[in-house]
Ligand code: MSP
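To begin, one chain is listed below as structure tokens, in the form predicted on its own.
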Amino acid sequence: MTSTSYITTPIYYVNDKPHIGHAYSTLAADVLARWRRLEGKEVFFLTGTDEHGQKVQKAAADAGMDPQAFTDQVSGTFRALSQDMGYSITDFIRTTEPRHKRACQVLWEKLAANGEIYLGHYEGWYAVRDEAFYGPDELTERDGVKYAPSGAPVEWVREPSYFFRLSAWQDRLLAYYEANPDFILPASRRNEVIAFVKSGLGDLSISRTSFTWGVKVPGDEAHVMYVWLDALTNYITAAGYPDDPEAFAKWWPAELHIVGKDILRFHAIYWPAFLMAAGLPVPKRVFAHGWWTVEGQKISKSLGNAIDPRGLVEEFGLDPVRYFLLREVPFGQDGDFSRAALVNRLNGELANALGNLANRTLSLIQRNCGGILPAIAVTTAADSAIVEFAASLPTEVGDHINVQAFHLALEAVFQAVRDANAYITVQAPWALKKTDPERMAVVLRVLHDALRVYATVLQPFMPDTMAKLLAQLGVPEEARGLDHLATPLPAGLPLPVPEPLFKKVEAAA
């Protein structure tokens, strides 16, 4: 792996306020970014807002606002979400920024110079909500209204349009997918994309004349760029394209684009084709995660069931919410949110398993060892099992995170926590104070060292709480990376009096 890592979320469309799905995408990217930093890498972590297009222009008009004022307001709510959820972003990009408009126009000019763009007319079924055209075979009809696969109504549109020669890239895309099997994950999504491309690609309309809120096409300002060409370009804008070639060479191509499954086609087909056509490198991976439902129902405006992640944070705490979202459902699959499930994870795994293990161990060191860290000693097979499992965790957790299997990374840690709880119960260090104080000290040091590993590898998931635990374990702030685990803490280290890490909550009503 390189010493740098560039990780992105989708940029979020500003026609609505943020909900749990937005928080989920950025959380996954944040965990990966934090893990890369634990590995000692330099990280660029990007999120932002997608602010152009017919849908935004209409939403602004419905709100009685100028589009720029409207996007300023809504974009601010997404920036606030990043702060409230503790995301460690490097940059927050907006597609209304001058740097981004320039990048879009330079990319357009490059594509045009390479013969990849031509002027024609477009006729087809268009969904305003999706900002996408659909073929007739993709549509369903109910009560005389045609609908896209997303459920958005479509209308017949005919207007002048510039086209990107997407059809010319079909074979080259398929060859790229074959040569880079991990470019699209999970595998089920990769198979869907390949099947779609094999079914045939037509040329892609990349400009519109029926509205004005967008990046102007260079040389023909009657046209604005198709919102997806504009939006996808954000990833190279932030990396320094075209005006900072040194930064661009450092960060691009991105290690990972995390996206929702509904926008995978744009990222896994259109985006690599645009980049290849412009002579630019393709990102290393696009990972499409699933959707959250709420108590079995899809999140929708009509149902009014969107969950504000900030409300969850206020009720349950930031780190339990971060933990739950990546623990409950395999990343890449759909999942159902329920308060009962969150409460069960918080009470069972965080408070009872990890929190209780830490509090018992550190309280015993306070009471029975004078608050001083015992010396290292491993004398039994049971000790070795705990020590060796803990030592294997950084590699195992890293292997899972590298393929965005966040739930498996957490399961590995909590299997170790469960084993450590069984170990402390069997060894009963509280009873060894009188009968075998030397053995008691060994047990407590084994547990302390294991807890240090658990807390270290859990930092990306629960940064605030694990910082508290590492402080209670006596680990200096500057010694909390993965490479520091090879250096044991010195015997005789004074430890602070522990405090509970998690508060149990009553079962959800």
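Bear in mind the structure is a predicted one, so any value in this text is a computation, not a measurement. The first residue of the sequence shown is number 1, and the count goes up from there.
The form predicted together with the ligand exists for this protein as well; it is not shown, and the discussion that follows is about that form.
The ligand is not shown here, and in the model of the complex it never comes within 4.5 Å of any heavy atom of Val343.
Put simply, Leu501 is far from the ligand in the model of the complex: not one heavy atom of it is within 4.5 Å.
Among heavy atoms of Arg189, none comes within 4.5 Å of the ligand in the model of the complex. The ligand is not drawn, but in the model of the complex it has no heavy atom within 4.5 Å of Pro160. Contact with the ligand, judged by heavy atoms within 4.5 Å in the model of the complex, is confined among 367-375, 181-189, 385-393, 252-260 to 252-260. If you check the ligand in the model of the complex, you find no heavy atom from any of Ser5, Trp35 and Arg322 within 4.5 Å. Contact with the ligand in the model of the complex, defined as a heavy atom within 4.5 Å, holds for exactly one of Arg208, Arg327, His267, His100, namely His267. A heavy atom within 4.5 Å of the ligand in the model of the complex is found for exactly one of Ala152, Ile299, Leu408, Leu139: Ile299. Of the residues in 451-477, none comes within 4.5 Å of the ligand in the model of the complex through any heavy atom.
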